[in-house]
Structures are given as C-alpha cells and as structure tokens.
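A lone chain, given as structure tokens: the form predicted alone.
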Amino acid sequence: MKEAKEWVKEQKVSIEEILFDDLYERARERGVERVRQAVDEGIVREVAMVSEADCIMEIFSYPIARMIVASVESDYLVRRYALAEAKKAYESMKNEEGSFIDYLAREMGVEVSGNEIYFTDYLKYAPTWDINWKLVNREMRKGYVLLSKSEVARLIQEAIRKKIYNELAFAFAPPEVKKVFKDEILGIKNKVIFKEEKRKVGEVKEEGFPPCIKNLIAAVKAGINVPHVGRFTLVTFLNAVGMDIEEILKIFASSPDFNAEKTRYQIEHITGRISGTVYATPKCDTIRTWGLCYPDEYCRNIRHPLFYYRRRARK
C-alpha cells in the first residue's frame, strides 16, 4: 500500500544495506521464504509479529522477495508469486473492518461501497467462468452488485494479483541480488522448471475426443462465444488428457472476447497450476443438462467424456 511505500522511503535505507547489513538478515530470510512458499504452497503464509522489529522485517522482506522473483526471470514464477501474495492479502482482509477494505479497494482502483461493487469492476475482477459468479446470478441495484464481505475481498484479491503481476512482469533486479541470493535463486529456478514441465499422458489424440469436446473446440475456433460451462468443460478435459497450457491457450485465441492474460489465469486456475486444485471434467449427465451433449454411435453406455477418449484413443 502507499502508506507502506512512503514509510520505507522515509527510512532512507539503501539497497546495499538491505542486501548486506546484518540488521536486515531476518528480512532477507523472510524474503526467500515468501518466494519459496509461493512456489511450494501457492500462498504466502502469515508470520507471528509480536514486536515493532518483527513488523519492520516483514515490511522489508516484501521488496526483497520481489527482487528475488525478478532475478529468476520466469513469467510462471511472477504469476504464481503475484497470486500467492494476493491470497495472503485475502486472508488478512477476512479479519479487517469493512471501512479498511473499502479504503484498500479504492487504492486498488476498485469502486466499492460496503458490500457493493460497481458492475464494471465486478466484471473486471470476478472469476465469471464459475457459474456462481456469473452476473446474471447476482443481485444488482443501481449498477452495484451486492456481495458478501468475503466476496468483496475475493475481488480485491484479484485486483492485487493483477497489480503485482503488472509491476513485476518486466521488472529487473539489481545485479547484486543474484550474487547475494545465488544458491537460493538456483534452488527456486530448479523448482520452477520442474513445475513447468509438461504433464504428458502419452500423445494427445484429437481423433479420440468425444463429440461434445469436438463441438466445443470447433465453436471456439469459429469465434462463437461459448458459455462459461462449455469453456470449463473444455479446459478440464484437455488438461486431463495431457494438453499443456500453451496449447489450450491457442485454442481460445479465436474467442471474440479473448484476453490472453485473463484466459491464461482462468486456465491455470482450473488446471491447478496456481490454485492447487485440479478441477475434474464434468460427467456426461452434467454436460447433457447444460445442453452441450451431441452423442454419436460410440457414446452408448459412456458416462464420462474421459471414458470415451480412453476407449477411442486406443484404436
């Protein structure tokens, strides 16, 4: 927040002091821990702060963590770290008064009043691929969407994630950072490489896709605005059969409302890359209820799209 930034400036602490002075050793350790937690757990955990010194070290650990992230030079890490810090903020917001959350929202550029948020900001930050967050399923009054306190905090979390990502996407750390944290950066980089490796379940055989999936892919590539449940079904299925993020992203590039950053975030959230939860492909009954089922002669006695694929892909 601006207040924290201004406080840090007032301390007139140099980069050299933060990186080399024994006084900031705890801040450096905590900075490394923040990045490691982002990679390993997908969230930066709160630490106990019982003294002013604890608070000061926590404040300085944040820019240290950012410098380490910039030094690794991985967009995957930048995205994962931004979300992990945003999740930390969300957990903190749960214990804050509504007035503070309003204040924080304004600083993030989100128009919030109590448990109401202006609909343009709602559409900008809500995970509308989830049917529960679709605007048609929400109560709106005079342009403001009515939400619970935790839902407001969830939207601010997304605003914070975007802010941190945009700040770090093209950031460069001072050369000294790579020297001071040489071993730590190498360890983090190796973990990132491991996590980025493609999950391959053999060769993806598109000819074995069930007709519901083929129809969804054809609709997306044709520029038809596929409903959220259709996109969700498509992403979960393609992820389950071993297609990587970049390949899935290319399929959606023809969508009329395509936004690369938002689409990537949604795909990585659904596939568990940044959420920790891998969403399962819906069953045939669910897909049929959504009006997305186009059965062929091979669909008989099939209850799940993946069963269809496994049977047809063997041929």
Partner chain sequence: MSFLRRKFYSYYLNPRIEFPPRFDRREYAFILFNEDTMHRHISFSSRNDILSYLKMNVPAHAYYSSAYYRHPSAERMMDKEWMGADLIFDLDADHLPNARNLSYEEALKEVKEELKKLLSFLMEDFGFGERDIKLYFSGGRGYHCHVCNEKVLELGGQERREVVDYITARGLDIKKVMGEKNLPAEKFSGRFSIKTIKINPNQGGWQGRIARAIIDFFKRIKNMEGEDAIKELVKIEGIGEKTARAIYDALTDERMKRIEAGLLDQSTEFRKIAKPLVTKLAVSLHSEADEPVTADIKRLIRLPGSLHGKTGLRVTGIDIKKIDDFDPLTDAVVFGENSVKVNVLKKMEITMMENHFKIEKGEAKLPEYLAVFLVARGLAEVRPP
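Positions refer to the first chain, counted from 1. Note that this is a predicted model, so its numbers are computed, not measured. Just so we're on the same page, rigid core means the largest C-alpha set that superposes within 1.5 Å between forms.
Keep in mind that the form predicted together with its partner chain is missing from the display, and what follows is about it.
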>> Within 4.5 Å, heavy atoms only: does Lys134 come near its partner chain in the predicted complex?
In response: yes
>> I'd like to check something about Lys195: if you look in the predicted complex, is any of its heavy atoms closer than or equal to 4.5 Å to a heavy atom of its partner chain?
In response: no
> Leu123: heavy atom within 4.5 Å of its partner chain in the predicted complex?
Replying inline: yes
> Is there a heavy atom of Glu97 lying 4.5 Å or less from a heavy atom of its partner chain in the predicted complex?
Replying inline: no
> Hey, with its partner chain in the predicted complex, do Lys221, Lys250 and Phe258 all fall inside the 4.5 Å heavy atom range?
Replying inline: no
> With its partner chain left out of view, which of Gly187, Gly242, Gly143, Pro174 would have a heavy atom within 4.5 Å of it in the predicted complex?
Replying inline: Gly143
>> So its partner chain isn't shown here. In the predicted complex, which residue out of Tyr118, Tyr76, Tyr165, Phe232 has a non-hydrogen atom within 4.5 Å of it?
In response: Tyr118
> Since the chain is shown here on its own, which stretch among 174 to 182, 149 to 157, 110 to 118, 210 to 218 would lie within 4.5 Å of its partner chain in the predicted complex, judged by heavy atoms?
Replying inline: 110 to 118
> After a core superposition, would you say Tyr62 shifts its C-alpha by at least 2 Å between this form and the one not shown?
Replying inline: no
